[in-house]
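This document opens with one chain alone, in structure tokens, the form predicted alone.
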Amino acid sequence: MRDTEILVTHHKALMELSHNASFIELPRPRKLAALVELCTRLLGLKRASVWLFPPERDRIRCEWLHDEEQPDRNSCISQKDSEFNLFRSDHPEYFRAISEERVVAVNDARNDIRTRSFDRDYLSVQNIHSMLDAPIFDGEHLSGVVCLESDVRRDWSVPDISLAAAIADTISLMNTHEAWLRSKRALEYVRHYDSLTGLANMESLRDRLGHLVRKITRRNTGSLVLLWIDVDRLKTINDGLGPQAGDDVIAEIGQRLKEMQLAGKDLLARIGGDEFALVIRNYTLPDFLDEAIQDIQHRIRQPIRVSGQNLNVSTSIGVCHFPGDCQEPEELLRGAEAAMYHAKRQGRDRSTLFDSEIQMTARSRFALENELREVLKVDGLDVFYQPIMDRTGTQLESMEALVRWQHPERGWLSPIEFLDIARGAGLMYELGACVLKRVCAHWRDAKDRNILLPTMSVNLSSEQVLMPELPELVQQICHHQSMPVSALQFEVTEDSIQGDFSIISRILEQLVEAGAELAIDDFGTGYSSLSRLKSLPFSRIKIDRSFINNLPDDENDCAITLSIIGLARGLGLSVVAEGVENDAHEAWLFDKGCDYLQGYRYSKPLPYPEFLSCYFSD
């Protein structure tokens, strides 16, 4: 038979094997076995194998061996079997050849420079005279070889080489497909599971609730309950011991919940930073649920050893039933979450059943969230301003912008009425941008009236100071109004600088480089460390109003305020006292050298037109 006919026959046999549906479904070892058996049968060889480079690439290891004379050895080879590991240091010429020449066709293997180093320990032992190796790839990287061995001297023909290369290419395609499957599985895992705890995530929870609700509705029988479990005061742990300690606590709680044996336990998921959800099917009567919730809270209250100390943690739990409390999976989620928040407001470490009163609150909150989204789309929030005076309380030094929302039905809403909703809905960055746009527009309006406003102070949320694009956004908004960034001062709370320090410091440095000033707001109430404060480009400290309220009568508040003023002096920072409401406050702070004063002693926050009228009228 001519070489061309042999080549066609070989490739037809390979195509029939590799494209067979049953072959495609085989596990990798059985695919390798079928491929090398086909090769030995078509070429009349006694021995063929598949070898892999491990990640170190310092050797080549046999993955599969087919030996006609010793069929008991036809199998996957253990990685620990030293007989089937060939090291680069012992066979440099072979490794060079397979890397550069790719196909290594050797007729006299015991004397060829590329393979003769195998003779004493391998070729003579196995009675091998000729070798034909073809490369296997994983993507663009050489990952192994198909090795054909003849026990008689053989001049490898073009059909021989072609078949060996085709077998190697088939394994290369298997590698590519397997890599794609691994990536797909990894992506599916990321989509449906939490990386810290290994539990299902919110997407998995939604899928499961949808399935169960449809099943109960279709059969008109069965019930389920969703427990929304929130870890109380995890932020305190994060701030005091660092985020790793918080992760350790969450991981331990997840493990404890996973190990719990509860009748009807269906799905446990981690659905937020400090939140878990537990689905219980059918076992939903009050007595059973009360016992299950008490068991959950008891287990979580047990001390958790973190960073060399025992931490005591509690949980707030919201409970929502289907059917009964809601009709749709999303309503079930919102109901359980609303009940959990109600439990927190009642004092934490307790559980609350969803009821009509909570339902009204949840609906109101949901409606307000949707309305806030629409308002932010058109930059519809407004800004009031409160003056910051010099130390004598007579001269305007700067002005703080305070967000307000003029709701069509509820009138003016203060931040306390909607900031929590904005934070829960992930809208804080958009809200901050809306406020900044309004402030810059007011600055431009005043300039057009030949009024030069003092420095305008704007609050930044913790969500904003972690966004790398914030400095660019500030410059774009200012540029749009032809306003210098130096006309702005940004206030951040101590809690806002507890995140990734490298990111936060870079963002704050860029704001200062653009011209803005920075102030620490509500100083003394958060968890900031002095090392962070001195490393960040702040120029001002604002003493929280809680320390000013009882001045000068409360000795503790006097001592704290004096220490903050002294700390500011040591760091070269100016000081603003918030909450100045009477002559006694003003006189004491003036005497102690406080630089600036802010509070109702001078003015409540005013709408922009009233502020201009009050401080810039002729």
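Source: prediction; values computed, not measured. Counting begins at 1, following the sequence as shown.
Unshown form predicted in complex with a small molecule; subsequent notes refer to it.
Asks: Is the small molecule in the predicted bound form close enough to 398, 569 and 589 that every residue in that trio has a heavy atom within 4.5 angstroms of it?
Replies: Per the other structure, none of 398, 569 and 589 touch the small molecule.
Asks: Among 484, 537, 424, 415, which has at least one heavy atom within 4.5 Å of the small molecule in the predicted bound form?
Replies: Residue within 4.5 Å of the partner: 415.
Asks: Among 580, 48, 35, 576, which has at least one heavy atom within 4.5 Å of the small molecule in the predicted bound form?
Replies: Going through each option in turn, the one that passes is 580.
Asks: Okay, which stretch from 401-409, 117-125, 505-513, 195-203 lines the small molecule in the predicted bound form, with non-hydrogen atoms inside 4.5 Å?
Replies: Checking each option against the 4.5 Å cut-off leaves 401-409.
Asks: Answer for residue 431 alone: is it within 4.5 Å of the small molecule in the predicted bound form, judged on heavy atom distances?
Replies: It does: once the small molecule is placed as it appears in the predicted bound form, residue 431 has a heavy atom within 4.5 Å of it.
Asks: Determine whether any heavy atom of residue 133 comes within 4.5 Å of a heavy atom of the small molecule in the predicted bound form, and answer yes or no.
Replies: No, no contact at 4.5 Å.
Asks: Might residue 371 be said to contact the small molecule in the predicted bound form, defining contact as any heavy atom within 4.5 Å?
Replies: Contact with the small molecule, no.
Asks: Find out whether any non-hydrogen atom of residue 247 is located within 4.5 angstroms of the small molecule in the predicted bound form, and reply yes or no.
Replies: Because no heavy atom of residue 247 falls inside 4.5 Å of the small molecule in the predicted bound form, the answer is no.
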